Every structure is written in structure tokens, then in C-alpha cells.
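Next up: just one chain, as C-alpha cells, the form predicted on its own.
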């Protein structure tokens, strides 16, 4: 394994390669292979960017056909055939059947671009600068998104003050503290030093926060709170959207409708950079060109996105996710939790966190992650002190490979408990 060129010339900012020190060469669906032919079951899934698996045949064929046809590849925000096809399909096959009415903004091609666009628009619409966010949140690494993000190491890289955000304790953090009551107190107490925000941004499941799930009642109360105080509700569905929780949008289980939704990662599910900001029509007060980017609406990504949604609907991927999520949960409850009473887990669909906080936290989770890698499983760590092993396989993973992967995780935990 030759890694000299990376170590000599690539920036020290590289991170995942330090956890998974091999040179990957090929991949198919939920399996990856390094240049020495070693096989790995992928429980990482490109941090949620590969929900339909590596090199999905259907999506790949649509991309290749488009390239071979000499279709437009770069067009800024000009009208194109590919974009018209995508918008029409997204609106009529995905949004309208769910009773959702959103206009589509194509920001820059990554998730943080979608969040930055939503923040800017919310502040423009409401004429206010402050935003509410939850502790435990991860919304991106550019300055506006980073101001929302709470982990100390990420924020430490900014080099400037990160402001115009009020962070509220998340519901799981403190016994006896009601997050919404606390938020209301901030707005009604004339000594709180807090102004009404333009927006309240949440992830319905904090993925990087440790697979922390917010219940239906809490999500409904957030919507009601925002309505009461004229605040825009933004749902960040960048990592847990695109069917990861068992429905295409993670907020569907609560029956709420956000004012804006930020999306990226698995819209196309092929690993191509693409992001969307969905917004209610009455919020579309942008002046032409007021928010832009050279690579907004990348055409190859748009082709992949339409193909990904076609694949999702034709193959009932949401149903697949729920069924495989049940299989995973049963395995954890029957095979992993009995290993030690201090192991906890949280899961919805195929967003799964095995929590080692009470077993040494960072040291234990790191040992388990490394043992998983030696056993041929790729899985990352998240949450406070990185104490949670995050498991996010492709939604298309074969059931026998899903079980095989969890057997390897179990073996890794057993090894580390000795």
C-alpha cells in the first residue's frame, strides 16, 4: 500500500483516511475494495451521500447516456433540457404526492451552500439577523453554517467570531428542561437579551450529534412555536433525508411542513456534488443573481438526481429502508446489547448509532472503529467525545451483507470488551 504521495503532498486537514488507512480502488453497492483486493462492507456510505450504493447501475447508465449524447454539462443557471426534466419530475412525482409546495433553488453544489442560502433568505425575508439552532447540531463548515454548528473542534477552525445564532439545549440534554419552554422564555422575558430570530433550524435526527432522534411531539411543537412567533422553520435534511429515515423527507413522520428544506448528499446518490434549497413560494423574494455560484445546478448531478429519484420510487427504497432498519435493530437488541449493559443504541431507518459513552466514550468507540476496520467494516464515530459508532449503510444493501456487517461489528465489540 503506497500512501507516500498523500502524506507528502496532501494537506494535514485530511481526516477519514486516518481512520481507514488503505487505498480504495473499486466499489459496488455496499462493498468496497482496496488496491490489494481486500473487501470492506461500507457502513459509512459517504457520510450519507451514497444511499443507493456505490455505482448504482441505473443511475450510472443515465449519466453515461447523457455524457455520450454531448448534453450540456455546465450552464450556470441557464435553462437546460436536463434541468427542466428534473424540476418537472421532482415537483410532480416527489413533492406534490406528499402535499408539499416548494420552489427549488439551486445553490452551490454542497450541503453547506444550501444552508447558507437558506440563512441569507430567511434574514432577508424577516429583516432579522439572529437564528435559533440546537446544541449538538452540525450544519456545515462555511462561516454561516459553522456558526450554527456546535462541536468545538469544527468551530475552532474558523479563526473569527461566529455570531448571530442562539443555541438552545437539545431535548435529550438536560432532565427537566423543556427546550420549547426555554425558547419561549427567551422571547418573552424582557431580561433574556435575546431577540426574535429570523429562523429556527433543526435536523430531525442529529447525525453528527450522535444519532439523536427528535420525537414527533417535539417536532410538532417546534412548528407551532415558529408559527406563534413569526419564525421560519428550516429543516436540514442534508444527511438524514433522501429516505435515510424510512421516508424521503425525515420530517414526514411528524406531519409538519417546514418553510425551507436544505438538501444535498444523496439527492442523486452517486457521490456527485449537488444541493437544493426548497422554499415556500411566498418566501421567494430573491433579486436575480442575489445568491449565485459558478457550479450551481451542475448538469451531470441533475441527471443523476432525477435518476436517483426514479430508482427510489420504482424500487420502493423507502420501504426497503424501513425493513432493513428493523433487521438491524433486531440484531443490535438480540446480539450486541447483551454484550454489556452499558452499551446503548439509537436508530431510525438505517441511521443507527451504537453509544459507548458509559464504556469509556472516545477510547472505546475508537477501539471498536479500528477493530471494525480490521474485520472489514467501514464505520465512523460521531457525537460527544466521538463516543457513538455511526452505522449508515446503503439503503440498497443486500440483507445478507447487512447481517454480515453487523456480525463483524459484534465481533469488534467483543474484542474490545476483553
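These figures come from a predicted structure and were not determined experimentally. Numbering follows the first chain given and starts at 1.
The same protein also exists as the form predicted together with a small molecule; that form is not shown, yet it is the one meant from here on.
A.B. asks: I'd like to check something about residue 144: if you look in the predicted complex, is any of its heavy atoms closer than or equal to 4.5 Å to a heavy atom of the small molecule?
C.D. replies: Residue-level check for residue 144: no, no contact with the small molecule.
A.B. asks: In the predicted complex, is there a heavy atom of the small molecule that lies within 4.5 Å of any heavy atom of residue 248, even though the partner is absent here?
C.D. replies: Close contact is absent here: in the predicted complex, residue 248 is far from the small molecule, nothing within 4.5 Å, heavy atoms only.
A.B. asks: Is there a heavy atom of residue 140 lying 4.5 Å or less from a heavy atom of the small molecule in the predicted complex?
C.D. replies: Residue 140 belongs to the contact set for the small molecule.
A.B. asks: Does any part of residue 212 reach within 4.5 Å of the small molecule in the predicted complex? Heavy atoms only, please.
C.D. replies: No - in the predicted complex, heavy atoms of residue 212 and the small molecule never come within 4.5 Å of each other.
A.B. asks: Can you pick the stretch from 127-135, 99-107, 291-299, 231-239 whose heavy atoms fall within 4.5 Å of the small molecule in the predicted complex?
C.D. replies: The contacting stretch here is 231-239.
A.B. asks: Among 112, 179, 320, 150, which has any heavy atom within 4.5 Å of the small molecule in the predicted complex?
C.D. replies: Only one listed residue qualifies here, and that residue is 112.
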